[in-house]
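Taking the form predicted on its own, here's one chain by itself in structure tokens.
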């Protein structure tokens, strides 16, 4: 009898809690957030527009590119705010062209990728070309652990570009002269801040749009122009010996950033799908957004609210 009273009391507490807070409810739209700053900024701006204009609830969930595409395919997520092509071309071909469960916004934002050094490093140590990284004498300035090899950050371990940078390092030969470091971008950006402030030599993977180019004077290393006939890039999923069988001794081709979204939104939320198909950003806009989040340390949600208020006319054009 005592146990029954305890059970009824606990049940009463649960019912009271539900009456106060309501049952847990999943968001209408879940936006995937990959691990780089421009994607985070775009994710929150899109979420704010969707919530304000259509009154649907929005949630954000971190994930790798592979996880977000798979979640859009299964319906667990609805939006990927920034897919880099050609970096994620295999995912795009699989889910957009193959399975047809994901749609791609056609308005790509031009982007660049490569290897950068600080202007001070370039000037003082004459580091101007990516071929300099294969020179054992020149890269001694990047050796911080006295193992005879320099260090270079090539990206986050979950980025597709990091795998390609391994291929490029092998192709140019600096995989033999330098240790290829993989790690979170926030740590790498802190290293760049310190190098820029102290003059410490540093070389690192870089990409634009990115707030880095507004914060510091950095130089993109010279390399042979992109040649598609020399860009032979395999993935671990299509070739177990992908690194051995790949070669890319040339610059990246011009890249493009595209919003992707769940195809089923066209039926479930056609107004949201129309917006996501019409959004048209540019390099300066994305760089400014990332600068606000990273350099000015603005809260992503608060920044998104400000951005939407300041760009009302532009947004209205995307809704037509």
Partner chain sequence: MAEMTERTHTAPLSRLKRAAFLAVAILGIAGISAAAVAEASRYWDPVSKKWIVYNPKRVQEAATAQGGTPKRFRRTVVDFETAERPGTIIIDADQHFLYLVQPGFKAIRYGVGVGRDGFGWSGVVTIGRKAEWPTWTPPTDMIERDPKLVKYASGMPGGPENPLGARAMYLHYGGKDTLYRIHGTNEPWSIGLNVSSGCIRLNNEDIKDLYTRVGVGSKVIVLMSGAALYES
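Please read all numbers here as calculations on a predicted model, not as lab measurements. Residue numbers count along the first chain shown, from 1.
Absent from the display: the form predicted together with its partner chain. The rest refers to it.
Contact annotation: residue 168 falls outside 4.5 Å of its partner chain in the model of the complex, judged by heavy atom distances. Taking the partner from elsewhere, residue 70 is found to have every heavy atom lying beyond 4.5 Å of its partner chain in the model of the complex.
Put simply, residue 279 is far from its partner chain in the model of the complex: not one heavy atom of it is within 4.5 Å.
At the 4.5 Å threshold, heavy atoms of residue 60 stay clear of its partner chain in the model of the complex, well away from it. This chain appears without its partner; in the model of the complex, the one residue of 268, 27, 295, 254 with a heavy atom within 4.5 Å of its partner chain is 295. Taking 128, 232, 93, 194 one by one, only a single residue has any non-hydrogen atom within 4.5 Å of its partner chain in the model of the complex, and it is 194. The three residues 162, 247 and 258 each lack any heavy atom within 4.5 Å of its partner chain in the model of the complex. Note on the interface: of 80-88, 147-155, 104-112, 168-176, the segment with non-hydrogen atoms within 4.5 angstroms of its partner chain in the model of the complex is 147-155. Residues from 191-220 that approach its partner chain in the model of the complex with a non-hydrogen atom closer than or equal to 4.5 Å are 191, 193, 194, 197, 198, 200, 211, 215, 216, in the order they occur in the chain.
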